[in-house]
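Take a look at this one chain, the form predicted on its own, written out in structure tokens.
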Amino acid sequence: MAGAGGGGCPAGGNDLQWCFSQVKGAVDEDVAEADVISTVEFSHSGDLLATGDKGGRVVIFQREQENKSRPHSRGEYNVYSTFQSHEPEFDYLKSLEIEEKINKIRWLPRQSAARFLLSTNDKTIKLWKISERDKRAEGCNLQDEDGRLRDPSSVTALRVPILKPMDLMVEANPRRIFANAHTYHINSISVNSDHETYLSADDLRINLWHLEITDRSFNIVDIKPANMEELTEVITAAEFHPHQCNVLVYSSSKGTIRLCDMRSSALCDRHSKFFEEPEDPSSRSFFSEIISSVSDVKFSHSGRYMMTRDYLSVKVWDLNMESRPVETHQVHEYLRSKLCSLYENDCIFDKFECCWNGCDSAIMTGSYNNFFRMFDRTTWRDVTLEASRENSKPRASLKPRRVCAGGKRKKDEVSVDSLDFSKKILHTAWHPAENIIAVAATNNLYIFQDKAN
């Protein structure tokens, strides 16, 4: 099988041939910790792609227009803007250093010439305005051409300033800073479909914010027990429904998902729906609770389904059926026998994200060894692909990879014992309307597309 699914939504069963498009980032063997990509997000139109890294920087790539003289450059993403979103801080009350690492980026729907996005580190959320300037004012009365202020008494005649063309300049300005509302580390932000509010979630609480108001937020979920010794689970991810502004879900470290309706009460401690798959007693082990923890939850674009990622699998749930998922896709089941060593090197706590394609017919998530997985929900086919510079010629097709769990290894297979667990793909994004995917591999951003694109 050549590929799975399609953002452009080809007929079910159509195999896609994924090919290399671009790779961003340095080739250095010694990767600086600050350069490691920590989040990837396409804008609603897909013409912009934002990444955040552990150094607190946000890099925005813009899709180029078609160029007939360079047919291979069709749809290429090039750097549009780079800015420092967060700086390292220190909480003097708790004697804690607050990392600058960008945990999440979320785009706001475009409503003017400028673009807006939310970015967050562990404690502070910022609303950024990304705007273009290609004209400058000349002939001002109270300042000279260098921008220095003039003495008003030296002005002998009034001039009418004129706008003159200049090289395009992209500016990023922080319009709002939402701070001091989270005691614990923020793991999720999600913009509401009303385009006026958004939520932010940490380990124990979820807050509701208005985009125009920075000095207060409403606490809508609080699972902190009166006695912290009684704490049994934490919130791992949260998201608003794509169409119903009153509905949100949040997942927990126990593998459960709660759906809340804000119409029922102001404090959503009592959920409307509770999604949990019964555990098979025969497969219970020391690691069961760790690997069942949900690391990501995403509503489908239609709003009918939601997808959750735990350590070994991706599950698709129908919002109308709480008892069990309608689909379970094994991501790397061959690692079940390696859980002990993965626990010792802390890899078992890695938080993999997942994403839908444009019409919810396929899903994608990451694995180790720079492998990532795609599952076609129509044909039930799946494929493992690799983000690697070795296959980085323009339009070079990606060869499906296979992992040998034991026994005799075939020619094209990779032994499970030779997997590199330091190379992991935690963050992926799928273009909202086309078969273009972005895959973050350490400090490199790979962009792949289907052959027909």
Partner chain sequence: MSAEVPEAASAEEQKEMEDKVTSPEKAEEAKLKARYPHLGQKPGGSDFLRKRLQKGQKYFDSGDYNMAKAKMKNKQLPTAAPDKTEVTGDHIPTPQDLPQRKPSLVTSKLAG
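Predicted model only: the values in this text are computed from it and were never measured. Numbering follows the first chain given and starts at 1.
The discussion below concerns the form predicted together with its partner chain, not included here.
Worksheet item: Where does its partner chain sit in the model of the complex: which of 360 to 368, 203 to 211, 131 to 139, 270 to 278, heavy atoms within 4.5 Å?
Response: Selected stretch: 203 to 211.
Fill in: 4.5 Å heavy atom contact, residue 61 and its partner chain in the model of the complex
Although its partner chain is absent here, residue 61 would touch it in the model of the complex, with heavy atoms inside 4.5 Å.
Item to complete: Determine whether any heavy atom of residue 228 comes within 4.5 Å of a heavy atom of its partner chain in the model of the complex, and answer yes or no.
Response: Output for residue 228 is yes: heavy atoms within 4.5 Å of its partner chain.
Discussion item. So, residue 443 and its partner chain: in the model of the complex, are they within 4.5 Å at any heavy atom pair?
Written reply: Close contact exists here: in the model of the complex, residue 443 approaches its partner chain to within 4.5 Å, heavy atoms only.
Worksheet item: Should residue 176 be classed as touching its partner chain in the model of the complex when contacts are defined as heavy atoms within 4.5 Å?
Response: No, residue 176 sits far enough from its partner chain in the model of the complex that none of its heavy atoms falls within 4.5 Å.
Worksheet item: Tell me, which of 390, 28, 412, 417 has a heavy atom within 4.5 angstroms of its partner chain in the model of the complex?
Response: Exactly one residue meets the criterion: 28.
Worksheet item: Out of 263, 185, 304, 150, which one falls within 4.5 Å of its partner chain in the model of the complex, going by heavy atoms?
Response: None of the others qualify; the residue that does is 185.
Discussion item. Pick out the residues of 335 to 362 whose heavy atoms come within 4.5 Å of its partner chain in the model of the complex.
Written reply: Residues within 4.5 Å: 336, 337, 338, 339, 340, 341, 343, 344, 349, 351.
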